[in-house]
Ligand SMILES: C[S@@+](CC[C@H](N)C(=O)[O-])C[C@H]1O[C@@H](n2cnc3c(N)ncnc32)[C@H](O)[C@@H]1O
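Just one chain is shown here, as structure tokens, and it is the form predicted on its own.
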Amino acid sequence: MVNEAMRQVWAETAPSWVEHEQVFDRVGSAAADAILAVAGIGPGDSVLDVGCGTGALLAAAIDAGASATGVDISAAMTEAAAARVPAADVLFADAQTEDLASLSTAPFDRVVSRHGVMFFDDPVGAFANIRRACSDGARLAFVCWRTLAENPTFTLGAPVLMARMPELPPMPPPGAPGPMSLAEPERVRGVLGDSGWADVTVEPLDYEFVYGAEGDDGVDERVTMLLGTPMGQAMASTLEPALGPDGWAALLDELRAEVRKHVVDGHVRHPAACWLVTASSGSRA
């Protein structure tokens, strides 16, 4: 089944994202703001949010007076998005294979995604499928991660857990479905060009993850985010039963101590390095 591996990953990961929706939305708000700034969503537009998660961009589209449809391969995410944004249509499906052009809200004038388009096992086919559901001249705007080395969100604190693992899973090859599949800008341009998109721009988007609200240093939020990633969940599922309750609690204390080293001006902080990508559907004729 297409994207079955990613579907399984998000089936296991999504409950933590749903539970901690406000944390994930807050630390990633700069990416959402950047997408909305270039997407130009306005009243009467029809918006497709690919990998809609719990619905932050859907809510923004509805607030802008547009109609909005979200699609995600996680049932838990789509349930949360539908509850959060009842005015939007939310579809539990794979944007790579779903007949998006047949949806009642198609054709779409705007397509947006915040870190939701890196998980296709056939990205050219997926973006071509999305384009078929768009009106002529529709605008695409999404944010994807740059390299692992530039993004401590995937690594800050992780060595504490990794040091206890009996063995680590192999790193995926470059371009494999996953967070860094579109880390290389030339690959982004090639995928979009080969799938029929035009006027492609790939610009760096750098901002800062800041954890914790006022009066909270964000250490526990950072630990929560790390353990909510696929890698964090995989390590926790191995280590927690192996160490037992007391050993796991001690390891979490060690993890918090490591994360606390990154408190600056009262909060845990680290850089985020992304690409802000835009394109036009051109003419479908």
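Residue numbers run from 1 along the displayed sequence. Model, not experiment: these values are computed from the prediction.
From this point on, the text means the form predicted in complex with this ligand, which you will not see here.
This chain is drawn without this ligand; in the model of the complex, the residue among V71, A138, A88, L156 with a heavy atom within 4.5 Å of it is V71.
Heavy atoms within 4.5 Å of this ligand in the model of the complex belong, among the stretches 160 to 168, 91 to 99, 199 to 207, 185 to 193, to residues of 91 to 99. At least one heavy atom of H115 is located within 4.5 Å of this ligand in the model of the complex.
Although the partner is absent from this view, V111 stays clear of this ligand in the model of the complex, with no non-hydrogen atom inside 4.5 angstroms. This ligand in the model of the complex is not approached by F127, whose heavy atoms all lie more than 4.5 angstroms from it.
Within 4.5 Å of any heavy atom of this ligand in the model of the complex lies no heavy atom of G218. If you take 51 to 67 and check each residue for a heavy atom within 4.5 Å of this ligand in the model of the complex, you get G51, C52, G53, in sequence order.
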